[in-house]
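One chain comes next, on its own, written out as structure tokens in the form predicted alone.
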Amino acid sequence: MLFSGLSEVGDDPILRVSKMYRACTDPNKVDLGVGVYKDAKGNTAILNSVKKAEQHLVDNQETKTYLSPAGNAVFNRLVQEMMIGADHPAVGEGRVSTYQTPGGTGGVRIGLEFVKKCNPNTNVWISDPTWPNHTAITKSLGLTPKQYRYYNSKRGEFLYKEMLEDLSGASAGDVVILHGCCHNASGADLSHDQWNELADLMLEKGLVPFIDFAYQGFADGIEEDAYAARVMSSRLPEALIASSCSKNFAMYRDRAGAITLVSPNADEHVKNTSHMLSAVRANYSMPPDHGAAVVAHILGDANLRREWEDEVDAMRSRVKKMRHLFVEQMNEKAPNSGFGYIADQKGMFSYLTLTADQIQTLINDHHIFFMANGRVNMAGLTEANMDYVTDAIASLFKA
């Protein structure tokens, strides 16, 4: 029988943590696992700007007919401008296009399918650690994943020199997946000087940057966070950028994302565009409309855009506040715990430098749920649960 003989695939680790949290009946339980933003009440609410844009669509949308494979043209233009700027040199030279995709994951998939079409023997360099789907998608396409050192989760240490050493061994034409900001899962980002140095190395080696840009606005601001995407796409002749509106618009289930392609010249770009769209047609024919239409309306309406940017600022500020409050309380309750690095990191994720036994103690005895490798979602912390969480962690350091 065709559908017999397969072995069961285990639960995704993040989904497993979510399942454990839902099954737990302890009223003090805390979810620091799933990677979604939560407000001060622990809710993942719909942004006011999004609700207003959705109401606009209800009142004004006239059809539900198909989009093109490239998706919503207004969304594509405005997202591209937000990431790399309207005055990006590649735009004027006809070397850049953006295609709407089902979330940032869809952008990664289409981008890597395009890479495989260009050269099926290309190596794809992926940071250690990273978001698991980077490796999963690479392997599913038959491309070769290679790791470069990025972060030591047991010491809370960014490994920039080691990163450069590893990428110095890459070959011309290899693709390097880079996190645009708020590195998932470490929260450790490159400085502007480091991005510039990395761009120089990649240009010298003939490497191709693939920026995964899922958290624009969550590090320092919408404009500030675009630095990596802009320096890589302007300094190097070829680039890919997968972007997501899940986090900064809090539209997780609406799957609004994009893949942006920068080609070496306009003639090559025409051919490359045909292959990108061919990959879309073979995967999902054309992307869903709703999420992209909401984002396009917000970005295209001056008042709504200001309101949305204020909401992003508030989300970013709350996560930063939780980082600093966590470190302050841990310094008071367990001065030897060594979590100071968390205040310097950005975005929703960090690793707790705990042993496997300590992590299991927090999960089993205190019902604080997070990844077994120590990754926590800092947005899951609130003023209401902070004392409970820090007391539990501090107890691990008492003799």
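For every residue, the number given is its place in the sequence shown, counted from 1. Here the structure is a predicted model, which is why all the values come from computation and not from measurement.
Below: the form predicted in complex with a small molecule, not depicted.
J.: When the small molecule is placed as it is in the predicted bound form, which of 86 to 94, 119 to 127, 323 to 331, 99 to 107 ends up with heavy atoms within 4.5 Å of it?
T.: Every other range fails; the passing one is 99 to 107.
J.: Is residue 215 a contact residue for the small molecule in the predicted bound form, using a 4.5 Å heavy atom cut-off?
T.: Answer yes; at least one heavy atom of residue 215 falls within 4.5 Å of the small molecule in the predicted bound form.
J.: Although the small molecule is absent from this view, report whether residue 255 comes within 4.5 Å of it in the predicted bound form, heavy atoms only.
T.: Although the small molecule is absent here, residue 255 would touch it in the predicted bound form, with heavy atoms inside 4.5 Å.
J.: In the predicted bound form, is there a heavy atom of the small molecule that lies within 4.5 Å of any heavy atom of residue 179, even though the partner is absent here?
T.: Residue 179: yes, in contact with the small molecule in the predicted bound form.
J.: In the predicted bound form, does residue 297 come within 4.5 Å of the small molecule, counting heavy atoms only?
T.: Outside the cut-off, so no.
J.: Report the residue, out of 249, 210, 131, 195, that has at least one non-hydrogen atom within 4.5 angstroms of the small molecule in the predicted bound form.
T.: None of the others qualify; the residue that does is 131.
J.: Between the options 153, 184, 272, 260, which residue brings a heavy atom to within 4.5 Å of the small molecule in the predicted bound form?
T.: Of the candidates 153, 184, 272, 260, 184 is the one lying within 4.5 Å of the small molecule in the predicted bound form.
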